[in-house]
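Quick heads-up: it's one chain on its own, the form predicted on its own, in structure tokens.
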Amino acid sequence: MAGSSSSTAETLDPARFRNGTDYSRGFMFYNGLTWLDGNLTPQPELATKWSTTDGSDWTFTLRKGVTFHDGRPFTSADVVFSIKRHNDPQTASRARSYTSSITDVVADGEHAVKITLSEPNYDLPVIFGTFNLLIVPADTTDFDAGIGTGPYKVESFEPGVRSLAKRNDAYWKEGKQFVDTIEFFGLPEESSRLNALRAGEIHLTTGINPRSSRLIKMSKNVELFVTKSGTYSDVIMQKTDPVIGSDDFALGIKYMLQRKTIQSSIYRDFASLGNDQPIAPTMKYYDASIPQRAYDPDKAKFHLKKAGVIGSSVPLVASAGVGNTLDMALIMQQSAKEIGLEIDVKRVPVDGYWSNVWMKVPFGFGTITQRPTADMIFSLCYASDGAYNSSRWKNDKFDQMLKAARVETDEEKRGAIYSDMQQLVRDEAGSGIPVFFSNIDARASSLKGLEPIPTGNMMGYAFAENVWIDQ
């Protein structure tokens, strides 16, 4: 398997997973309390059932007879430890936006836990099916061995280089893990990944540019694997920067985005139009009544002039290996030139992008895979304390609405709150979302078992225990 990125910051600590490379390895070595199916419905995994009467007090019954890779039995103590560590600042968990409302986790015997929330959240079983909430053994401090209950064991792991996973013969699931070993490494250049696939050197790769789809369809023994989703690459304009952070600069850039051109020339038939907010048309609570922001160079110039940047040059950082954001940057550069703004596109390599560039430059790009619920994507990327709040946008009204929607049990009222949140993000946040694009992978025709899961490439990154090779 060849991933599309590599970095020495790669980790086997689920709390610190930050991209598809980490997520893919996570599902090789660990399990969650639940797993999410193709409809993003939580299904039993290490938890066999769960219940709540008010959305605040939960009981999760745990599976018996499960062991970790080192032979230790899986018990409630492991769940208590795995959940509580996310709210410890020393953990630096990427899931803290999801778990901050958890006030207590206690064992109820060896095979049940009781979880208390500060406020109701009926999405809790969904949250426990995501990649950062995978379960580790109690008191783990060194994660390099990747000790979990998952389908594969760590044979070797070199961050930024490769990992080798070996089949866990004591795995508790039946009818899974059909291959003996999985070698996973990063190849940032798409051409290198596709050449390796066509040469039969790998079975699966990811991060395929839509422009390559026709060539892949013509290739012998190679096939596309496409997953429709709410994944997006956003233009990030950090609100803390004295120039980039002005409201007029953000609005000017949003009006300057040629969405239909980006959709047709970059993504071909693999994208739907975005409207500068993260709830995709395929997701629950999407509000189609919000007016679609159109390309308007006059409005763009008006706002950019108010921002004081017309006639000047602003740097925009992009990488050919981060989605298709370099192509997007070049389209933006041409649009800006026509209204008197020079965008200086700074090209950087994808190697190390997510640890050294993303969220660290005032004007750049990110890519966010679809989260299962509106609450999760808003909490992660737009809440004031969100781990992926890349534009540094802080809005008290938005934060209040986020909490109100989370505890609202009336579906109509909840939908109305999420609609207002979409409008607020569209108009005021420092991110431009031109399109939502499908996740495109390529596989050897002999590789079977893949099924779409919208939370990411390669079955929401959970391909490992599901695929086999048809000899």
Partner chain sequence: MIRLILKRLVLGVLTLWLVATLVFLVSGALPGDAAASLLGQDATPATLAALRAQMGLDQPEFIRYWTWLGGILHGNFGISLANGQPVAQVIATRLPNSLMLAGLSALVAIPVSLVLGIASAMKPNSVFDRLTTLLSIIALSTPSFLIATLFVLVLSVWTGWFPALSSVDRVHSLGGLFQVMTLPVLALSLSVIGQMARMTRAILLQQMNEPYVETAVLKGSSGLRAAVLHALPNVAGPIVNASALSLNALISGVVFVEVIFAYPGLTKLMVDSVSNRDLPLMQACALIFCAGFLILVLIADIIAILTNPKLRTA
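Only the largest set of C-alpha atoms that superpose within 1.5 Å between the two forms is called the rigid core. Note that the structure is predicted; figures quoted are calculated from it, not measured. Residue numbers count along the first chain shown, from 1.
From this point on, the text means the form predicted together with its partner chain, which you will not see here.
When its partner chain is considered in the model of the complex, only one residue from Gly386, Gly352, Pro210, Pro120 comes within 4.5 Å through any heavy atom, namely Gly352.
Here is the short version: of Glu342, Asp296, Asp248, Glu201, the single residue with a heavy atom within 4.5 Å of its partner chain in the model of the complex is Glu201. Of the heavy atoms in Asp108, none are within 4.5 Å of its partner chain in the model of the complex. Of the heavy atoms in Asn466, none are within 4.5 Å of its partner chain in the model of the complex. Taking the partner from elsewhere, Pro188 is found to have a heavy atom lying within 4.5 Å of its partner chain in the model of the complex. Contact between Pro281 and its partner chain in the model of the complex is not found at the 4.5 Å heavy atom cutoff. With its partner chain omitted here, the record of contacts in the model of the complex names 191-199 of 268-276, 191-199, 250-258, 334-342, defined by a heavy atom within 4.5 Å. When contacts are defined as a non-hydrogen atom within 4.5 Å, none of Asp13, Lys153 and Phe184 contacts its partner chain in the model of the complex. Contacts to its partner chain in the model of the complex (heavy atom within 4.5 Å) from stretch 145-161: Glu158, Pro159, Gly160, Val161. Annotation: Cα of Lys360 displaced by at least 2 Å between this form and the one not shown, core superposition.
Relative to the superposed rigid core, Asp234 undergoes a CA displacement of at least 2 Å between this form and the one not shown.
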